[in-house]
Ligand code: HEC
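Here's a solo chain for you in C-alpha cells, the form predicted on its own.
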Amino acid sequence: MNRREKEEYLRKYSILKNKGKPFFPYAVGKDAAMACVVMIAIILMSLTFGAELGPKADPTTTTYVPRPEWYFFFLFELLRVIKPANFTPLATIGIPTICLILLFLLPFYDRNPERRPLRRPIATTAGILTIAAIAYLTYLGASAGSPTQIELKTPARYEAGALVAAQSGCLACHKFGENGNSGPGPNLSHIGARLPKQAIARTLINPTSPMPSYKDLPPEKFNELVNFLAQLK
C-alpha cells in the first residue's frame, strides 16, 4: 500500500468513525444481550438433554484408554505423529505455546491496515493452512483406534491370538486396521495375504532389527499369535 492509498484509507476510516455509534453502551449492550442468549440456550440444553458424564471411573481396570476432549484431538494426533520421545515436549508444549505467542503478537508485527483477504495473500494462506492442518489432525485423532487393543473383526477362534498381539507390544510399531501406529513396522492388517504361516513364524523368531524376537513366548501363545496373523487377509 503506497502513501496515497494509505491517506485515502485513513480518510474513509475517519468519516465512518464519525458516523458510527459509541462503543459504550451500544456495542457493550449488544454483546451483553448475546451473552445472555447463549447462556440461556446452554441452560435449556442442559436441563433438556443433561450432561454426558460417561461411565464411572474404575481404578481396577487395566484396559482403560484415556481419550482427550474433541477440541484436543489435533494435539493428541500431533503427539502420535511425532515419534521420538525427545520431541514429546516440543509437541505438547512447544508448538502450541509458539502458536499462541504468534497469535498474541499479531497486532504488533502485522501493521498492514489492509483487511481484505485477497490483498493479503501471505496472511490468508497461512490462516487457511493452519485451519486445514488442525481440521485434518482433528479428524485423524477422532478416527484413531485404541492403541492397546486390536478391534479387527476376526473369527472367535483367533481372538486369543489378537490378545497376544496386543499384549506383546505389536501395536507400538504396527497398525491393525485403525489401531496401532503407522511405523516403523509395516501395516499388518493383511499380512496373511502377503506371507504364509511358516514365513510369519520365522519372522517372529528371527526378525529384522529393531523388531524384538518372540521366540521366548510360551508355545501356546506363539501358535495363537501366528494363527491370528496368518488369517489377516
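Just so it is clear, the structure is predicted and the values come from calculations on it, not from any experiment. All residue numbers are counted from 1 along the displayed sequence.
As for the form predicted together with this ligand, it is not shown, yet the points below apply to it.
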Do P212 and this ligand come within 4.5 Å of each other in the model of the complex, heavy atoms counted?
-> yes
Evaluate T208 for contact with this ligand in the model of the complex, applying a 4.5 angstroms cut-off between non-hydrogen atoms, and reply yes or no.
-> yes
With the cut-off set at 4.5 Å between non-hydrogen atoms, does P68 touch this ligand in the model of the complex?
-> no
In the model of the complex, G169 touching this ligand (heavy atom, 4.5 Å) | yes
Scan 14-38 and write down, in order along the chain, each residue with a heavy atom lying within 4.5 Å of this ligand in the model of the complex.
-> none
